[in-house]
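Single chain ahead, written as structure tokens, the form predicted on its own.
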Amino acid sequence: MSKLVPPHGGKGLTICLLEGKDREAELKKAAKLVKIEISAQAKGDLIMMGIGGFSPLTGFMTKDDWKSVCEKLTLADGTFWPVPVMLSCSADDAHKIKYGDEIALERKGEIYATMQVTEKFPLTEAEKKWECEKVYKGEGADSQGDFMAVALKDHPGVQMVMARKEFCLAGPVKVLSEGEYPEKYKGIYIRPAELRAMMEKKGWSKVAALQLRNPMHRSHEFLAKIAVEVCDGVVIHSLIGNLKPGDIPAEVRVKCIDTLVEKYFVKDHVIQAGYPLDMRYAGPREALLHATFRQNYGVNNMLIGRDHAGVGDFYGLFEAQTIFDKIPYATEEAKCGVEPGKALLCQPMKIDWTFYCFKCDGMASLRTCPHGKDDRVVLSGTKLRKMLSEGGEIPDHFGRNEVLDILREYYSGLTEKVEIKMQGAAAGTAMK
């Protein structure tokens, strides 16, 4: 009997990936079906449904699910889910498809899945804007005033929603490919069932996950080690899907983590892994998504620090923490009144703003350090990327020298630079 937290939704891992002869037969059938070109985001969502990372989802959402997720943070059946998982297509393609039809979902010539269409529906520009207001609008300065005008210019998640085509398709999928991830990230790309087996072998039951989309600096290291102190182990879980321009590629970030784990962690208490999603940059809602699918990986504590999954100044510094206080999640101590399996079990591990303090002579947080801003090295992935991209001097104690050497080598090889915008949180101007 596993001591790990059960998968979300109460149905175990819902795995939609076909392998062996079943996959070969489905690929042969798919070659004759109507083909729909999917986005990079939908590709990642499909793979997560394939490997059970999005349990209990077995297909793209219906309009009732979409509306309920936006309004109530639940699927239409009441199961907790924080962000829409949608498949869009053009009006021309939608008109070719009848209810009950099977279609093939492809990207750049590769078939990723087949799908039985149970519903097709238009989403108007007004409805997409409504989704953005519900899911992506936060409490930060950029979300005030004319949110959509600012977001259309500066929020990549909102831009992705508004770029969806006219119709959406819903229905169960049979996933046929995991893309480039198994080969490109061999040993890092780990399916939920595989990670669960690794943790069970170690005897872990209380596990924390550290979400990473930036190179691992001293604050990240500090957060991971806090988790190791109070849990059986920590999973350093990197996004290996697509990011926005200017972010550092996954293979570079993985190399940095390898170096840190090798030199600065007790290996028995840490696992490095990667997952195949694209960032949505949905701030608080994405923090909830990170906790939801980490539960499927066997994680019951999600590390949530400052400005988790944020972009620009759209979100309050700790809005991704406080949103957890507004949703029902179940524990043995507290009954939330939600049908078993439908509430979120993975709980937040909330960590205050962390930094290096010269007077404390070490890593600290606003809860532990009594000193002022001038004594602190404010750490953020955005700030690090900006300094490196502009050839700036990196302050002492910002990152480990071995990691900075890897990042300097990466930036020295770039032929095209991307401007890195600094939000208040990353710059440290918002610190008390």
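We number the residues from 1 along the sequence you see. Quick caveat: nothing in here was measured; it's all calculated off a predicted structure.
Same protein, other form: the form predicted together with a further copy of the same chain, not shown, and the subject of what follows.
Though the partner is left out of this view, residue 356 does reach within 4.5 Å of a further copy of the same chain in the predicted bound form, counting heavy atoms only. a further copy of the same chain is not drawn, but in the predicted bound form it has no heavy atom within 4.5 Å of residue 71. Taking the partner from the other structure, a further copy of the same chain in the predicted bound form has a heavy atom within 4.5 Å of a heavy atom of residue 229.
Although the partner is absent here, residue 62 lies well away from a further copy of the same chain in the predicted bound form, with no heavy atom inside 4.5 Å. At a distance of at most 4.5 angstroms from a further copy of the same chain in the predicted bound form, none of the three residues 35, 173 and 177 contributes a non-hydrogen atom. With the partner omitted here, the stretch from 360 to 368, 403 to 411, 387 to 395, 36 to 44 that lies within 4.5 Å of a further copy of the same chain by heavy atoms in the predicted bound form is 360 to 368. With the partner removed from view, the residue among 326, 263, 98, 201 that has a non-hydrogen atom within 4.5 Å of a further copy of the same chain in the predicted bound form turns out to be 263. For the options 225, 184, 153, 134, the one in contact with a further copy of the same chain in the predicted bound form, meaning a heavy atom within 4.5 Å, is 225.
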